[in-house]
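This document opens with one chain alone, in structure tokens, the form predicted on its own.
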């Protein structure tokens, strides 16, 4: 199987993907060898509901899309059937079906039915109706595998519900995700279907909802790109856009391999790091302000003071030394988890598809989704005030380098 996976990865590495936010800039897909190998090793021996989560912009959607497309080109996946539904905010935006080793004309009826299932998903459905619409492809597949000679032997079926939290955010709440995932697990068991139903999510509330499945589900973490691959992408994108003097080390310390934020920097801010970083500071500040409003705390300064008091106590209890915003001391409190400033790494039974970097913004149980959030909060903690700017944050980063 290792040779087949190697060929799949080679195909994926040959693809150009748009830099998010700058659709005209196409960069090479990089890295992810370990993630692909670990993912396929598990889906070949297990079945059930899978939650794939990680920071926004880590590349979950790109990975799932390229894997689905790649297996059509690589021999050795004749036992596989890969279906991906990509969600927009109000409906399924795209349906993609890959059935390696089969003439598509001979199973066109099945493909059409799977693609048509996407049309049955909308904001107008009741929770019961939505659950029924989303499990329909699994029922269709389990019946088709049994009844059609061309599909017999397909014991590695992957159905991806990509960015489902984007849709559910508009739908009205993530409790529906828990109900849908439960219903999906029950259908897989009832039909004895060789299916892994993969829900990709980024929002922490959606992750928590999916995590309540317990033994019915599995949880996987995909992280941002590692440093070497990220710096290669930065240099490639900067070269395409004729941008010189890019400080790749600084960008690593600000973005930690997050492709979404790199696209925002290039597309929305024309590579102006300080202007981009000011937006990051505003996001952290807004999260703290939101915490204060809900709890009727008079000022954001008092919210920060409480965070510092709590953090110092936790850092001392956990033996982390002086409190400077370490993720395991902050623990996602003060609205930082809810606003996706931080992410929880300790989901029960979570399997890490990616190796996490050994950096100060990544702890054992919590991490900042991008390191710029860590440095911004650290600058506030060191100053004792939320009134910091981009220069203050960069000074803190430079001081830590020395």
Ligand SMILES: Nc1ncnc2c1ncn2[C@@H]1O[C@H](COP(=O)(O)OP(=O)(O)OP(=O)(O)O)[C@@H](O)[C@H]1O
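The structure presented is a predicted model; accordingly, all values stated were derived computationally and were not measured. Numbering follows the first chain given and starts at 1.
Omitted here: the form predicted in complex with this ligand. The next part is about that form.
Asker: Which among 162-170, 315-323, 125-133, 177-185 is in contact with this ligand in the predicted complex, heavy atoms within 4.5 angstroms?
Answerer: Every other range fails; the passing one is 162-170.
Asker: Should residue 225 be classed as touching this ligand in the predicted complex when contacts are defined as heavy atoms within 4.5 Å?
Answerer: Residue-level check for residue 225: yes, a contact with this ligand.
Asker: Mark residue 27 yes when one of its heavy atoms lies within 4.5 Å of a heavy atom of this ligand in the predicted complex, and no otherwise.
Answerer: Answer yes; at least one heavy atom of residue 27 falls within 4.5 Å of this ligand in the predicted complex.
Asker: At the 4.5 Å heavy atom threshold, is residue 61 in contact with this ligand in the predicted complex?
Answerer: Heavy-atom contact with this ligand at 4.5 Å: present for residue 61.
Asker: Is residue 56 part of the interface with this ligand in the predicted complex - any heavy atom within 4.5 Å?
Answerer: Answer yes; at least one heavy atom of residue 56 falls within 4.5 Å of this ligand in the predicted complex.
Asker: Quick one: of 310, 154, 260, 191, which gets a non-hydrogen atom within 4.5 angstroms of this ligand in the predicted complex?
Answerer: The residue in contact is 260.
Asker: I need to confirm a contact call. Of 386, 394, 11, 17, which residue comes within 4.5 Å of this ligand in the predicted complex, counting heavy atoms only?
Answerer: Checking each option against this ligand in the predicted complex, the one that comes within 4.5 Å is 17.
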